[in-house]
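Before any questions on how it binds or moves, here is one chain, the form predicted alone, in structure tokens.
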Amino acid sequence: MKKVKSGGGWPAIWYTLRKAREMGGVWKLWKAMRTKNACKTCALGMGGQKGGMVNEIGGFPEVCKKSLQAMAADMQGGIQPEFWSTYSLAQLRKFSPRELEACGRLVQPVLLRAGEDYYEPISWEAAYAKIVGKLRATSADDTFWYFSGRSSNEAGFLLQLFARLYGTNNVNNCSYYCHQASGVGLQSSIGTGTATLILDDVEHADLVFVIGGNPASNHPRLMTTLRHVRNRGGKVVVINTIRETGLVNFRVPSSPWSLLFGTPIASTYIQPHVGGDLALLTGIAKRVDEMGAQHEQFLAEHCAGGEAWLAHLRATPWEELVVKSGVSRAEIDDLAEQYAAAKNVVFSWTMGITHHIHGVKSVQAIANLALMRGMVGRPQAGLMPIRGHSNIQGIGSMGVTPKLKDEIFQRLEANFGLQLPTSKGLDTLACMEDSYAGRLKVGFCLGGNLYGSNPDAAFAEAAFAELDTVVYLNTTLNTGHAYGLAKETIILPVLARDEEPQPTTQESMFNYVRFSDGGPRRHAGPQSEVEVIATIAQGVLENTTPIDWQSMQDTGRIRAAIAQVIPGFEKMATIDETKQEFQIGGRTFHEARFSTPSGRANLHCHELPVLAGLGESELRLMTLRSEGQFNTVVYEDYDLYRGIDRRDVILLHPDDIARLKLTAGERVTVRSEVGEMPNILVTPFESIRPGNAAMYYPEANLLVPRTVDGDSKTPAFKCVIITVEVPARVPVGAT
């Protein structure tokens, strides 16, 4: 497949027209995209009451392939009853992630009984009776409750409340497999776990760091903002082991000039080894200190630990920084000089930073670097973790964590006369570990694909198999429905965001609450998430709690409760009447007042991890997503920007192909400490730093061990040590 020279552009336009034709025409797709609903994909904050294709600062048209793909998936026809008697479990397991997604919308509850080979459609009444009966018969701490970022604030709040009143704190969300390291790292540094700025701040930066991410593929609407930065004479520094096409040049379709001629994005592109970011960030800080470019007054007045941190930098030898980062001293010096010369700097990052055993430390190192020059606590500068799903931040705000924040816990008990459990809850991987050990009996999954998100896929499959029952609430099929199977598996079809019968809210990564109107349902069978949750809660808890679960099918009542309980969400009480979307208080730092106990930001010293060494036949593997993919959902098997037309590949630099005595196009077995993948195609890829390899997530999860960051419990999906082996070659003519 031919590799394109720019991201976006005409291929994106042709793709849009093709999808529109598949969905019934351009007008039909246009109307769907323009509804007053928050975007279903990344958390940059499109849509809401300003209408679809409008961002938080009023920019129009703001649309990307990811939002288009999600909408097209929701506009599919329904899966017909005969599908379930036609395709056995064994056949479903032969479907690729893309083929499962393309089967159509789930429109009726289905059940896979123990020992059976086929799912069978059942009524909603039967599904509710099974779930309620099982939960009533199961001890609360023998269950876990998992939340995706696709759901609304209302559904998230209601389900976590139900789980806790049922009696467990085994409440967690998909951020534990992606950005939890950002939340923990930022909380320890500045007292909040979210972005410190708003979208308008990014628009006016004169230097933006994009670290460990590929927004051209995964968050394309950010490219419009980066184009604005470059057009105003600003700089964009990209730090990524792979030289990604869309971060070199991007053609923004909504800009005629950019569409025709392209926009250079990266002014500087640095390719460290996988896992070398912490040493690189430390090196930049060390050089800034040597230049005397730090903001001494800011460090003295607004930061704690500054003197110890600077002393630690000065004692760290340059040789160690260069070796452990894989970046030359000259390149580090250049980055420091650019940073020192800039007036308004934004630091952004994604899972290339958080998916490591030192993920929290790397986030703290980014915060250190920003604080060093006072780039937090004022407009047009700050810290920006780029969240991967449209409401994953909101789900966290709603209390979907094993331990509720003390203020939320106290408000829930006081305002509603509740008694909440105080037992220690399990994080996401701990729930899987306890399931594998047979200590948990029931799993309840609100959206997403928990199986597909897990490291060590063979372990994940075995963990689900130990459960008595797992319940999934989804709109379409995914690999979890084929592999993440308990003794009894129930799939409940739910409405998409723009089909909800009542308004809902979502939170963008800029701490902005969006208001979604919902809309007409496309299929008769699915139910709203809050209706499903409230119905099950009513059946399980009946009149044993002060909560009137039947009334909680009204999302307005849920918003009233959120306004009473969640700090910063007080305006939720009147949003139904005012329709005024709002910024959550206490999170955007335009003044140097930090939400830590001392009111000062904290600087952290770090011992640098040894960059995972390479034996003669070893490589450092990073898992990644393709351009035609969103999280675990694969919309297209090809990867346009990288010029790859399939997913059963390992991307290797030609130098490594020669070093390992491989041949481009041959089939190999890739092994790690936990698994192996046979019949993988060796694919030359000059854009990757030699010594490193890349394979597609979630398929390559078979190779990822259950090694986690000790502070955030985020699995290290990056920097997996692998070997590549060629099966014994059979001589020509042999049998």
Ligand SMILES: Nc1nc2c(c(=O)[nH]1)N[C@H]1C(S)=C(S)[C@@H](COP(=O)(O)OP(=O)(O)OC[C@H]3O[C@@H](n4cnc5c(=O)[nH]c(N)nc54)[C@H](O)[C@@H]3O)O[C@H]1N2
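For every residue, the number given is its place in the sequence shown, counted from 1. Bear in mind the structure is a predicted one, so any value in this text is a computation, not a measurement.
The form predicted in complex with the named molecule is left out here; the points below concern that form.
*Asks:* Using a 4.5 Å heavy atom cut-off, state whether Met375 contacts the named molecule in the model of the complex.
*Replies:* Contact check for Met375: no, nothing within 4.5 Å of the named molecule in the model of the complex.
*Asks:* Tell me, yes or no, whether Ala561 is in contact with the named molecule in the model of the complex, where a contact means a heavy atom of each within 4.5 Å.
*Replies:* Taking the distances in the model of the complex, the answer for Ala561 is no, it never comes within 4.5 Å of the named molecule.
*Asks:* Using the partner position in the model of the complex, report whether Glu244 sits within 4.5 Å of the named molecule, counting heavy atoms only.
*Replies:* Looking in the model of the complex, residue contacts with the named molecule include Glu244, since a heavy atom lies within 4.5 Å.
*Asks:* State yes or no: in the model of the complex, is some non-hydrogen atom of Arg625 no more than 4.5 angstroms from a non-hydrogen atom of the named molecule?
*Replies:* Yes, contact at 4.5 Å.
*Asks:* Out of the stretches listed (656-664, 77-85, 643-651, 467-475), which one is close to the named molecule in the model of the complex, meaning heavy atoms within 4.5 Å?
*Replies:* Going through the listed ranges, the match is 467-475.
*Asks:* When the named molecule is placed as it is in the model of the complex, are Asn218, Gly275 and Tyr697 each within 4.5 Å of it, taking any non-hydrogen atom of the residue?
*Replies:* Checked in the model of the complex: all three residues contact the named molecule.
*Asks:* Out of Ser435, Gln108, Gln629, Thr588, which one falls within 4.5 Å of the named molecule in the model of the complex, going by heavy atoms?
*Replies:* That would be Gln629.
*Asks:* Only one of Gly382, Gly394, Pro385, Gly352 gets a heavy atom within 4.5 Å of the named molecule in the model of the complex. Which one?
*Replies:* Checking each option against the named molecule in the model of the complex, the one that comes within 4.5 Å is Gly352.
*Asks:* Taking only heavy atoms into account, state which residues of 691-728 are within 4.5 Å of the named molecule in the model of the complex, ordered by sequence.
*Replies:* Counting only heavy atoms within 4.5 Å of the named molecule in the model of the complex, the contacting residues of 691-728 are Tyr697, Asn701, Val704, Phe717, Lys718.
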